[in-house]
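One chain comes next, on its own, written as structure tokens: the form predicted alone.
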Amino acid sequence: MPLTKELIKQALTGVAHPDGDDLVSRGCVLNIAACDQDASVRICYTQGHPDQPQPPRDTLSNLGKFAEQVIRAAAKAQDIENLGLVIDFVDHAGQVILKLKSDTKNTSDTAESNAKEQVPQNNAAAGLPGVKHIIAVGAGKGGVGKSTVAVNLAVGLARQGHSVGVLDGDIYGPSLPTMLGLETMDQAVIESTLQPFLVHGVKSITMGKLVDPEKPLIWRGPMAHGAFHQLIERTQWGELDYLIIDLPPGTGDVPLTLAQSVQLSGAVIVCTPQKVAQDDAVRAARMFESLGVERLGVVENMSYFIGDDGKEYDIFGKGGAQQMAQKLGLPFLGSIPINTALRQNMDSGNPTKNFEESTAGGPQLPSALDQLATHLVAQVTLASMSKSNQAPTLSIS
């Protein structure tokens, strides 16, 4: 019988909080995940008391060790001897302040010996041969137009003369087949290596061309993890200046897999103006920060609507994402409007039309997309200088 979230939660009721009650009763257990012989628990020691300072690391470590003991006991009762367990202590912003990670040895000392202050940092990952810059495009929630931004960003960079690839990392809901017009094309494989499609000046690969387009992918996290890993490793990209990776929404398995698999030049966070989208975008920004990924900036998508009369309408409250970027101290890469032409061009698989006034509903959309690509290149350059500790020089002759 597998170890379930309910059994882990029940076990944690036996872990007393130093200030009274148990971790579960006080609401300190924020999240539990369990799959086969692996489990993870997310705990906020000061949950419900935001003004209370975080306790010393020794306090959290001892609490974590006891939590591990009771979880392992529950696992053993289900005949699971080799449990992989991760216990994260976080603050009220969701930032990991102590990670206790144990391998499959059934000893309480393992957790302490493998304790880390942060999740694995991205700078420890390797790059992709021939690819200069890998950019992740992510968002805290779905429906904010992340894929639209990723595709148009890739096309915009290609139009500026860069060699560009785009990888559809949204395993469960791939959008590139529609947005790039790949429906009638067949995926080529040469010597077990995926050959990317070349359309609209960019190379592309997507899970949507490897499975039945009408069949849902009912996969657990590890399966999505493995599929994404193979898309990265088995694609023959060749020489690229930029590889844009369209991530699924949220802060789950695929973003973590990406950060552990390849070294990123940075991440772009997509957000719409309204407050509910900003809240989730902040979580995405914090996730990239905890993974050691440079945050290149924020894009406000659907910033305003352009009517057929040419007027602008702030349906969602223009400027909200820009204010969020300022609060987080992140660059603001630009605002992208929405109009009927944008929707039609993306649905028909022809994003190139978004860059021409005659097919983009006027000058606003092409101008916004060109500026987005230009601003991203500038931020990547600055990030590269920072990583290499290089300062710009001025030569006078």
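Residue numbers run from 1 along the displayed sequence. Keep in mind it's a predicted model, so treat the numbers as computed, not measured.
Here the subject shifts to the form predicted together with a small molecule, a form of this protein not shown in this document.
- Checking 38-46, 343-351, 52-60, 25-33 against the small molecule in the model of the complex, the stretch whose residues place heavy atoms within 4.5 Å of it is 343-351.
- Listed residues Val144, Ile135, Leu157, Val293 were compared with the small molecule in the model of the complex; Val144 is the one with a heavy atom within 4.5 Å.
- Taking a 4.5 Å heavy atom cutoff to the small molecule in the model of the complex, the contact residue among Gly361, Pro337, Gly334, Gly64 is Pro337.
- Using a 4.5 angstroms limit between non-hydrogen atoms, Gln322 is distant from the small molecule in the model of the complex.
- Proximity of Ser175 to the small molecule in the model of the complex: non-hydrogen atoms within 4.5 Å are present.
- The small molecule in the model of the complex is not approached by Ile269, whose heavy atoms all lie more than 4.5 angstroms from it.
- Although the partner is absent from this view, Thr206 stays clear of the small molecule in the model of the complex, with no non-hydrogen atom inside 4.5 angstroms.
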